[in-house]
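Only one chain is given next, in structure tokens, and it is the form predicted on its own.
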């Protein structure tokens, strides 16, 4: 079984938590050498439907463990970073669980604080806790969407420098309400306009709505300190082939985009296997008979993009005059297309074999990557 028993019935939370876990560790280890203080804010922490008494299957337990692990890892490299975590929860019973857990979490590695109340009402108090210059990662993961993902609600945080965000954009709720007139004001608050999706296929609607929201978020970020960037990863219902929500990541650092998309690619395979297990369990429950093989064992990673489309993208982007492709260019491509780096690598390699493109800086040895974006290389179309 891929999904632990304590995530039974909430497989989408397992997928979400694996992304949070994978990305946070990479993020903190990358920025740690450049920061004296790292702050983490869980704006809707719960716990709500935890399955373990020690909250290991909640964003609370996961984030605290990652911060402790990263602090130890950085310290072993001679780097001392102070980690601080703030957890927000409005529900009385959930807050009592949260407070009890934090009181039992006697660790000098991570300093914890909890505020009881509505995220919306506590915004200025949260910002004061963040201080002015400390790097802060905001995890905004509500159970609903009203007065939460609206741009006006998030503006005070988006305008804060040295910040990154992971926002749960409740796509399925928005999809079902965005065409209803009595939700027009809510839609304007989210998108800056009432989206018109008439005539679009379901996949086109999803792409349009998510990209419009990402665009609006980026417009609020303050000028300077890098280009605003946003990508997202869809999390589907466990047994229905429909998107439940998108996890939208917002940053100013091109490396942040590339690392997040690497984590998302790993998550893509995990999600396929998780959903295969959930569907199999549902079939077995209906039939009353166990199936011979575990469904998740036969799931492999599928290409996120049509290889022909990626090849066409490369040919359109390249010319016979060499162009430099580094981490900034890769981030642009990932953000523009929502594809994975491996999709670009595979398509470029195929075009190389066809004699249509070339990497002028490639070392002619056995290569695990056909383009090294981390160092930057010159690429061009071949002259026919």
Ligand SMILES: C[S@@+](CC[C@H](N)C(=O)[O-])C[C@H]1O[C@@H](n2cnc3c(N)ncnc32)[C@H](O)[C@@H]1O
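Positions refer to the first chain, counted from 1. Source: prediction; values computed, not measured.
Just so it is clear, the following notes concern the form predicted in complex with this ligand, a form of the same protein that is not shown.
* Asked: in the predicted bound form, do 205, 265 and 338 all put a heavy atom within 4.5 Å of this ligand?
  -> Not one of the three qualifies.
* With this ligand left out here, work out from 156-164, 265-273, 86-94, 180-188 which stretch has heavy atoms within 4.5 Å of it in the predicted bound form. => Partner-contacting stretch among the options: 86-94.
* Which one of 234, 254, 142, 228 is close to this ligand in the predicted bound form, taking close to mean a heavy atom within 4.5 Å? -> The residue in contact is 142.
* Looking in the predicted bound form, any heavy atom of residue 42 within 4.5 Å of this ligand? -> Yes, contact at 4.5 Å.
* Asked: Would residue 59 show up as a contact with this ligand in the predicted bound form if we use heavy atoms at 4.5 Å?
  -> The answer is yes: residue 59 has a heavy atom within 4.5 Å of this ligand.
* Touches this ligand in the predicted bound form: residue 135 (any heavy atom, 4.5 Å) -> It does not: once this ligand is placed as it appears in the predicted bound form, residue 135 has no heavy atom within 4.5 Å of it.
* To do: Evaluate residue 119 for contact with this ligand in the predicted bound form, applying a 4.5 angstroms cut-off between non-hydrogen atoms, and reply yes or no.
  => Yes, residue 119 is a contact residue.
* Asked: Using a 4.5 Å cut-off on heavy atoms, what residues in 261-293 are near this ligand in the predicted bound form?
  -> Going through 261-293 in order - heavy atoms within 4.5 Å of this ligand in the predicted bound form - there are no hits.
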